[in-house]
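Provided below as C-alpha cells are two forms of one protein chain, presented individually as structure 1 and structure 2.
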Structure 1
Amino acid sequence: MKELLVIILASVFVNNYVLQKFLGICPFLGVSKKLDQATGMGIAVTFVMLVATAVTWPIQTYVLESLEIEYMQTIVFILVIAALVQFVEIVLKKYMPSLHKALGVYLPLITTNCAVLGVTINNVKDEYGFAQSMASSLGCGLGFLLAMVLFSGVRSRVDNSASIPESFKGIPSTLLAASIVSMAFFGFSGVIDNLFA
C-alpha cells in the first residue's frame, strides 16, 4: 500500500508528466485558458489513462509477451487507445449523458494525446504489476489535472497583462509562464523520498 502511495505521489509531484516529462503539452497549452475547461480536460485525461492502462496491461502481459511479439507494442497500443476512446464516448453518450456532456468535448482530442500513450508504454518499461500500473496512471492523470488547474490560474493573469512586448505576445509569454510553473515543481524533488524514509 505504501509503495502504491509513493508511486502516486511521485508521479503527481516529482515526475509530473506535463512539467517535467513534457508529455501532453498540446492540451496543456491549448485548453488551459479557462479553469472549467482545464478541469474538464484534466478529469477526462485521468479517466482515459486509467481505462487505457486497465486494458493495455493485460494485452501486454497475456498477448504480446506470451506470443513474444513485443515489437508490435506501438501499433497495438495506439489502436487500442483510439478504439477505446471511441467506445468510451459511445457508452457515456448512451448511459451517462450528463457525464458525456461534461467530458464529451475532450474525448476525441485525447486519442492522439501523447500523455496517454506515454503512460501505458512507461508502465511496461518500468515493469510495473497491475496495481502499480493503475497507481502510476492515477498519479499521472492527477498530476496532469493539477498542472492544468494551476496553469489556468497563471494564464488568466499573464494573458490579461498589458505590459508584454509585442514579439512576446501570445505563445512566447505562455511558454515563459509554463517555465516558471515548471521551476516551482522543482521544489518537490526529494520530498517524496524523505516523506517515507
Structure 2
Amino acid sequence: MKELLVIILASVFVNNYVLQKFLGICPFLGVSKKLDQATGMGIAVTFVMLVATAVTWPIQTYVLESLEIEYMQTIVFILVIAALVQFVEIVLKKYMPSLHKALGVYLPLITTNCAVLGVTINNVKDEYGFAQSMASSLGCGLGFLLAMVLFSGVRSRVDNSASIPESFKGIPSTLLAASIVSMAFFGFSGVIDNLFA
C-alpha cells in the first residue's frame, strides 16, 4: 500500500507529466482559460488514462509479449486510446452536452495527447505490475488535473491584469505563466523520497 501511495504522490507532484515531462501541452494551453473547462478536461484525461492502462497493460502482458510482437506496442496502444476517447466523447455528448460543447475540438485531441500514450508506455517500460500501473495512471491523471486547475487560475489572473503591455498579451504571457507554474513544481523534487524514507 505504501508503494502505491508513493507512486501516486510522485506522479502528481514530482513526475508531473505536464509540468515536469512537458507531455500533454496542447490541452494544457488550449483548455485552461476557464476553470470549468480545465476541470472537465482534467477529469476526462484522468478517466482515459485509467481505462487505457487497464486495457493496454493486459494487452502488452498477455498478447504482445506472449506473441513476441512488442514492436507493435505503439500502434496498438494508439488504437486502444483512440477507441476509448471516442467512447468518452459519446458518453459526454449524451450525458453532459454542456461539457462536450465547452471542450469542443480539444476532446478529440485526447486521442493524440502524448501524456495518455506516455503513461501507458512508461508503465510498461518501468516494469510495473497491474496495481502499480493503475496507481501510476491515477497519479498522472490527478497531476494533469492539478496542473490544469492551477494554471487556469494563474491564467485568469494574468489575462485580467491591466498592467500587461499590449504586445505581451495572449500567447507570450500564457507561456511565461506556464513556465512559472512549471518551475514551482520543480520544488517537489526529492520531497517524496524524504517523506517516505
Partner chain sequence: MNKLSIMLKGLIKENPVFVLVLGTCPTLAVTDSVSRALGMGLSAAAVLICSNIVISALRNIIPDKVRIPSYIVVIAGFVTVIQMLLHAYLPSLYEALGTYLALIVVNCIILGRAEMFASKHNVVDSALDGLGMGLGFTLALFMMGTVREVFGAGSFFGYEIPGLSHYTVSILTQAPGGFMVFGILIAVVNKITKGKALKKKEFGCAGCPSYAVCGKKTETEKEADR
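Basically, rigid core = biggest C-alpha set you can superpose within 1.5 Å across the two forms. Start at 1 and count along the sequence of structure 1; that gives the residue numbers used here. What you are looking at is a predicted structure, and each value in this text was computed from that prediction instead of being measured.
One of the two isolated chains is the form predicted alone, namely structure 2. Once the rigid core is used as the reference frame, the Cα position of Ile90 differs between the two structures by 2 Å or more. If you fit the rigid core between the two structures, you'll see the Cα of Phe168 move by 2 angstroms or more.
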